[in-house]
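Here's a solo chain for you in structure tokens, the form predicted alone.
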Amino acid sequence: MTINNKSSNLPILETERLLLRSLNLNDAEDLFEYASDPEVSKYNTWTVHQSVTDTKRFLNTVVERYQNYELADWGIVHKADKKVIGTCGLANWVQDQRRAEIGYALSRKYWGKGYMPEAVRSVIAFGFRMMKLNRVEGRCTISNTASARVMEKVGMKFEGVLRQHLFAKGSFYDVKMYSILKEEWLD
């Protein structure tokens, strides 16, 4: 993984097969392709996008966060296909506690090929190196076994179940809590 600081507010992260970069309105069609898939949004807090207008609304929010130097997701670009296939980023940053939470989404066409662990490792490395985090947390609903596997593959440890911790789409959900500490992270 390399970190390229060409962007003043969100550096470009590069892995063997992926490029993580700032999103922009030109990414609307690529994002809509997977954000309109009910299987992709099934375990996320956001609802399936009904139109490209929904996707553009999301992208406007992300771009505004970039402009305000707030945490926002990277777009995951598949180098070979030259298209945005997902997002990954850190949220809920508690600076004085030196911790943040990882979150991600990926097009179903790219599931099961190791892309998300590759992207997550890159973002975790950024968190430990550049943000000086001590802890990166991750949560997923009990039934989201694929997300749990991603966190386990990158070395995150299961800490327990937070009962009815998440309210989304009109229901309460139990969530699994994972974390990785800087001292556990292998550079």
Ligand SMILES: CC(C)(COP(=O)(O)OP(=O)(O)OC[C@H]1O[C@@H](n2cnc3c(N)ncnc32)[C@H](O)[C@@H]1OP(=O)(O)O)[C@@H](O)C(=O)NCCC(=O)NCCS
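Start at 1 with the first residue shown and count on from there. Bear in mind the structure is a predicted one, so any value in this text is a computation, not a measurement.
What comes next is about the form predicted together with the ligand, which does not appear here.
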- Item | Of Asn44, Ser36, Asn134, Ser143, the one that lies within 4.5 Å of the ligand in the model of the complex (heavy atoms) | Asn44
- Message: How about Ala28 - does it come within 4.5 Å of the ligand in the model of the complex, if we only consider non-hydrogen atoms?
- Response: no
- Message: Using a 4.5 angstroms cut-off on non-hydrogen atoms, would Ser147 count as touching the ligand in the model of the complex?
- Response: yes
- Item | Exercise: Trp93 in contact with the ligand in the model of the complex, heavy atom 4.5 Å | no
- Message: Is Met116 part of the interface with the ligand in the model of the complex - any heavy atom within 4.5 Å?
- Response: yes
- Given that the partner is absent here, state which listed stretch (150-158, 48-56, 65-73, 124-132) has heavy atoms within 4.5 Å of the ligand in the model of the complex. 150-158
- Scan 78-105 and write down, in order along the chain, each residue with a heavy atom lying within 4.5 Å of the ligand in the model of the complex. Tyr104, Ala105
